[in-house]
Each structure stands twice: as structure tokens, then as C-alpha cells.
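For this one, two forms of the same chain are given in C-alpha cells, first as structure 1 and then as structure 2.
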Structure 1
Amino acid sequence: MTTTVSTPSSIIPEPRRPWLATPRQRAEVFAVIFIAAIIDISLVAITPLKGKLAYLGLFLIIYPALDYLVVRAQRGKSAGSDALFRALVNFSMAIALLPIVSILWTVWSRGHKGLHWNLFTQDMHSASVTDPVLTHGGLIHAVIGSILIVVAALVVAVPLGLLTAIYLTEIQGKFTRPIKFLVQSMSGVPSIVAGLFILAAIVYPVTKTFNGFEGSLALAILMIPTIARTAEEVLLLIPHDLRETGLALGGTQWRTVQKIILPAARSGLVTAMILGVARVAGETAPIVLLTGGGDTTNWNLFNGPMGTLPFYIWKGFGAGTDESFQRAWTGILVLLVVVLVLFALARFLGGRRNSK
């Protein structure tokens, strides 16, 4: 016999309506924004406050207060508090995005003027950053060098970072605490320290020359803590039941990690790699110390100076001419695009599902 328990309709929560679901709500919001803008402009006009920051600061105060009063008058105190909180959250998000948008706009507005076809087909072996003709020379050597160095650093740092994370989360041996302390300490190491370490440990006593691989080693030192800490947090999110299931089916600990844990955390591990690339993509100090900053295209990481985008940008700003500044801003724009492409490729590869 089945017993049906009736639930009073008074305690059933109403479905949450999306914000601005009705034309009336949208009209009210636009009206409040319009009135807040009029008040904002009027206050700036009659007070000593001037400039873009004055308009923005006053609007961030006027709009939430006005929205709170209007909504409270129409729908009560609770609705007014909800509207005030929603406005504060939206404005906080806008303020957080404002520096990013400002940086992207500044880089684009100052860097796109130096874009030309030769930029991606020529290097700087027959030109200089102070050349008055911007179409002379390019930065293909810097793009190739940056990609090779970052990829080589990934090849070194990803296995070490992932194995460290696996040790900290799966093995948990007697060295777990000192390794975790060391990884956390290395996260704050300045990039110049990594460059000086490679310079003192490898360049002066061993190779006595500069090349791209030495720069990759310095970048790998900076990447390992980021990858290890992020991968550790991702692996800790995997339910412990999966580990017990793999062991119960007769698999060894390594097979369980290989076949169950790592595939389940794949997207998070790709994120760890992305954060590692973001950590070192624009590092200049170790690159200046170790790569030699060549002006010709060099595909060999182990032989000869290698140009990179950070070195190209640093050299352009150091020259001090209008042409060199323009080339430097163009280099910054290209660097952002290259990093964006690498991130998009990593997200695409991380989001693909196995066909099996």
C-alpha cells in the first residue's frame, strides 16, 4: 500500500524568476539608470569633482541607492535589499573587469598601428628597433623563440609538477609535509632568482654560452610550483570512492591513478598547465639573462642566442625612440594574441572526450 504525503502549497518555494524577466522590470531598470546618470552628470557639473573617475564613482553610489529606494517603494523592504545587493555584485564584477578591458584596449590602440605583413615573415637581422621605417624587419624570430621556450619549459615542468601533486595526494609518504612546504615557498620566488640560479649553476660552470634551453629551465622552475599546487587541489576534489573502487577491482595504486583519477581530473589538470603558462609567458628577467636575445630566427634551443617576445619588448622600450616604442607595443599585442591562442588550444584539448 502506497502512502501519499501531501505537501502544503505554502511551503513549496516558488520557482526563481530570471532577473529582468518582464518588460516592466526592464523598463524600470533602464529608467533608474537614466535618472541616476542625469543626477551623476548634474552633480559633476555643480561640484569641484571632475573627470572620468568622478562620473564613475558618483554613479556607483547613486544607482544602487536610487534602485534600492524605487524597488523598496514598489515591492517592499526585502525586494529593495535584494536589488541593492544585486547592484553591488554587478558593479563589483564590472570594477573587476575594468582593468582587464582597459589593458586590452590600451594594448590594441597602441599596438595595432605597427602591424604589417613583414612583422610575421621577417626577423630583425637586417634592421633595428630604432629604424624609422616600421615595415623594415619583423618579430617572427621572437614569436618562434617564445613558443619553443615555453613548450620546452612545459615539457620539463608538467611531469615534475604532476608527479609532485600525485605524491602529495595519493602516496602521502613521510616527505609530504616538507615537499608541500617547499612547493609553497617556491611559489613566491622572484623570476630573477630562477634566472640567476641557472646562470650560476649551468651557464658559468658548464655551458659558458647562452641559449634558449637555459631560459626554458628557468621558466620551468617558476612553473613547477604553480602546476603542482593547482594539480594538488584538483586531485583532492576527486571523490575517495573512485580510489576505493579501483583498488577493490584488483588494480594497483598506480593503475588506479592512471586509469581513474587522472582522467577524472583531466580538465582541472589542463587548467593547471594554463596557469603555469600564464605564470611565465611574460617573464623578462630570466630571458634577458639566459637566452642572449638574438635578432635572427633560431630553431635550435641548444645552440646560439634565441630571441623572444619579452626580450623584443624590453629592447624596444629601452631604445627610447618613437619607432622603438611602437615596435614594443606591437610586440605586447602579439604576445597577448599568442598566449590567447595557447590558452584556447589547451582548453580545446582538455575538453575533448575520449572516443573509447
Structure 2
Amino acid sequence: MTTTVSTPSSIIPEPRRPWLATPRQRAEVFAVIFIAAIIDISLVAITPLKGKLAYLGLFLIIYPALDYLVVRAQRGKSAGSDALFRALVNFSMAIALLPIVSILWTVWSRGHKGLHWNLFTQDMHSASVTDPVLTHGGLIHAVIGSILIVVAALVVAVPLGLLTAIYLTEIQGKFTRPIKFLVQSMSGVPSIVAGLFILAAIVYPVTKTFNGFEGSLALAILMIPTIARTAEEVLLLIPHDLRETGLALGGTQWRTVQKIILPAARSGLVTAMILGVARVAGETAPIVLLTGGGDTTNWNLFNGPMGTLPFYIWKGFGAGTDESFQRAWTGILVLLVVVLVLFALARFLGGRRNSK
């Protein structure tokens, strides 16, 4: 015989979620926002302040103040200041986000008007600053130049950055602490100083002309710390067991690093390179100092001026006509897409590594 124990539904309490705001609390929050908005609008109406900025700025002051007063009246002084601080912290995040939203929107809305297929088939040698954007000229020379210069910079910077990272994680000799410190300091070297250094060390005493490779060397200086620091972090994530295993199997340290450590860290090391490229892809100051910035396609890194994306933007901005501004915005759009793709790629590889 089975008896079903049926409990009256009145005994089982409804599942409650006390951490959620009650409808009343929510209504209060909206009421505060609403009242703050009304005060905001009326203040803009009666004072000489004007424009979107005035609405925003005043709201950033009025809402926290009102929130403070309401919460303080309800729950006391310390709850009030907590609410005030929470409002300020939220607003700070919003303010920090504002520029990036504005930048993405501006670059797209101004840049997409200049997009066309000529962009990637023509260079600027026959187009003047007043020629219409959609029919004359393109930035293929800048894309080719940028790729060549960045790849050459990679060729210089990757061995040095990687060796630094291997020294810091595998050898750990007596220079470890000073080198760590120097790499960190090196990442703060201003880009213009890197450009001046190449000017002082190579252009004036040796070559006396500008070419693409000099730009690569300056970019490599900026790239090394990024690569070294990221690669060091990646190599530190490799479990120590792997190193011991390699040595226990009778491998020398060189074979252990070559056959075990580096393959294990491969995707992370690729991330380090991508981040290095992203760091220098848009560098303008050393490029302006060193590469000469040509308008024709130049495949030779060691001879003649070389155009790059940052220089294309720089020149378009400097020329000052409507058409050249349009070219600059379109150039920025292309550069931004490149940076975004590199960044997403680095995230993707980095994320895959962490999830393993």
C-alpha cells in the first residue's frame, strides 16, 4: 500500500530570491533617475549651459547627489555614501567607454565613404590631394609598405625578444632581475626616441638616405619589449614537470627547450608576435622620421622612400583638403580594421591556451 504524502501547497514556501531587487526598489531607482532627468532638463533650460555635453555633465552630478539623498533618508548615512560611490564608479566606467564608442563610430561613419576597390589596386603616384577620392588613387603602396616594414621588424625583433624570454625563464642566470627591469623600462621608450636613435646611429653616419628598413629597425626597438614580456608570461605557464622530464630523459637543456618547451608554448609565442605587430602597426612618429614616405609602390626595403599606412593617414591629414581628409579617414578605417583583427586573433589564441 502506498500513501502519497501530499503536502498542502500553502506549506511549501514559494522559492524566493532575496538578493534580487523587489519591484518597489526597482521603481524607486527608476523614480530617482526620472527625477534626476527632469531636474537636468530644467536646469539646462534656465541656465546658460547648452548642448548634449551640458545634459550629460549635469546628469553626472545630479543623479549621484539625488541618489545619495534618497538612500540616506531611507537607510542612513553610510548606506548613502555607499550609494553615492557606486553611482560614481558606474559613471567612471561609462566615461572610460565613451571615447572608444565615439572613436569606433566616427571612424566607421567618416571612413566608409571612401571605401572602394581602387583602394587596393592603385597607389597615389598619379593622384593629387584634390582629386576625387572614389576614382583616383588608393593605398596599395601603403599596405605593401606597412607589411614589408612590419615583417622586417618582426625578423629583427622576434629572435631578440624570444631569446630574452628564454633567458628569463629557462636560464635564470645572475642577470635575470636586471634584464627583467630593463625590458620593462624599454617598453616605456617613446617612439620618437627610437626614431631619433636610428637617425643618429644609422642614417647620419652610414646610409645618409631614408629607406624602409630603417623604419623597421625603429619599430623593432618598440616591439622587443612587448614580445619579450608576453613570451615570458607564456613560458612561465609551461609546467615545470616538462622541463624536468626533458632533462631526465637525458636531453640537454638546448634539446629540452627546442623539442619540448617551445613546441608546447607555440600558440602563446604566436600571440606574442601578434601583439608585437599590433603594437607597432600604427606607430607614426618613427615612420615619419625615417621612411621618407613615398606615393608609389616600392617593393625594395633597402632603397628609396616607402609609404606606409600611418604615413598615408599622416599625409592626408596634413594636406588639409576635403578629399585628403577623406583619404585619411579611410586610411584610419583600414588601419583600425587591421588592429582589430590582430587583437581578436591574439585573444583567440590566448583564450585557447588558457582553456587547455
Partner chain sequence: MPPIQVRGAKISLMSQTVLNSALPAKREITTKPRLSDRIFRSVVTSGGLSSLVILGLIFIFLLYQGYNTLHSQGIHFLTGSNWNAALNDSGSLDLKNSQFGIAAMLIGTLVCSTIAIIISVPISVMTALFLNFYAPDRIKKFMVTVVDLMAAFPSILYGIWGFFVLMPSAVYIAKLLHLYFGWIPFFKMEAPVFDRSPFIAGIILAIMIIPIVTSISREIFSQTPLDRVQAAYALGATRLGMIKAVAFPYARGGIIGSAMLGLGRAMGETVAVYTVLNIVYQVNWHVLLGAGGNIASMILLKFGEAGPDEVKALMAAGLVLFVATLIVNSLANIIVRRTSKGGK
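Just so it is clear, the model here is predicted, and its values are computed rather than measured. When a residue number appears, read it as a position in the sequence of structure 1, where counting begins at 1. In this text, the rigid core denotes the largest set of C-alpha atoms whose superposition between the two forms falls within 1.5 Å.
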Structure 1 or 2: which one is the form predicted alone?
-> 1
Is_shifted D131 between the two structures (CA, 2 Å cut-off, rigid core) = yes
Would you say L301 moves between the two structures, meaning its CA shifts by 2 Å or more once the core is fitted?
-> no
C-alpha of Y55 off by 2 Å or more between the two structures on rigid core | yes
Between the two structures, how far the Cα of L104 shifts once the core is aligned, in Å = 3.3
After superposition on the rigid core, what is the displacement of the C-alpha atom of Y68 between the two structures, in Å?
-> 17.9
